[in-house]
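This document starts with one chain, in the form predicted on its own, laid out as structure tokens.
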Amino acid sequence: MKSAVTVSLVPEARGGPFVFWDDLAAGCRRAAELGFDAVEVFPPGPDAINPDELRSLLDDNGLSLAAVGTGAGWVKHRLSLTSPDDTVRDRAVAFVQRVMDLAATFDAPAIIGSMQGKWEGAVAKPTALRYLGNALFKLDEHANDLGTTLLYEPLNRYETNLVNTLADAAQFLGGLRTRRVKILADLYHMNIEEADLADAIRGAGGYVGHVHFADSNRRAAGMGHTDFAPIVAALRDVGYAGYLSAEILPLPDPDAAARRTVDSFRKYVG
């Protein structure tokens, strides 16, 4: 398993669970100095990052790109894959596809989290799940064309009322028969929704494609009450060899949060 840290370039997401902010070059430099293997980047949009410049930053700092987030599609552009407006849903799919195009040039996946939306108002739950399924089916086809992976993240009940557990996500994706969509297992969300985090990971098995390495309070691993030893053991049991990425609150400050993450990664992973 490898370590990663988040860098957000989205002003509208300020206050959210990202370690480094605003300056991609500075974030990459500090990630390398602290010993991370990769960065996970959250851009304002697919055209906000010059691929050649990002390639240079990664190469100069000896880093990989762990994943690219699509959260700005919701927090900045108000695009949702389950919007009652079919035009908005189409724009949301196109937004994700373009982020996937960017990520694929670095052999990295894109993430669908907040853009999945929720059911409310005129959109009943079965309809919202149908909209989401249709979107994931289209995005799976795009991922297949690119030869890449798409990550779908179950969120806790306070952020979505669609899919909240790894088991429900695996069942949902299994029903769609997607080929390239994997589950992002976020340990913070799982702390709220799962009875046993390690058992949930074992149950999801090969569906697990990425992990957000966060403690129970969404701070750096080791700053809450999550027991990470059985979680890492479960990840090894299912053959997971991807990233443990710190999508966490930058507390008490970004540097301290990043340092604590590296310390915990070395403690539990080696």
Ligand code: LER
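Computed from a predicted model, the values in this text were never measured in an experiment. One rule holds for the numbers: they count along the sequence shown, beginning at 1.
One more form of this protein exists, namely the form predicted together with L-Erythrulose (LER); it is left out here, but the text below deals with it.
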For the three residues D215, D253 and R260, which mark the spot I'm curious about, does each lie within 4.5 Å of L-Erythrulose (LER) in the predicted bound form through at least one heavy atom?
no
Looking at A200, V93, L155, L173 here, can you tell me which has any non-hydrogen atom within 4.5 angstroms of L-Erythrulose (LER) in the predicted bound form?
L155
Which listed residue (D145, D196, D107, E159) meets the criterion of a heavy atom within 4.5 Å of L-Erythrulose (LER) in the predicted bound form?
E159
Tell me which of 181-189, 117-125, 96-104, 164-172 has residues with heavy atoms within 4.5 angstroms of L-Erythrulose (LER) in the predicted bound form?
181-189
Who in 7-25 is close to L-Erythrulose (LER) in the predicted bound form, meaning a heavy atom within 4.5 Å?
P17
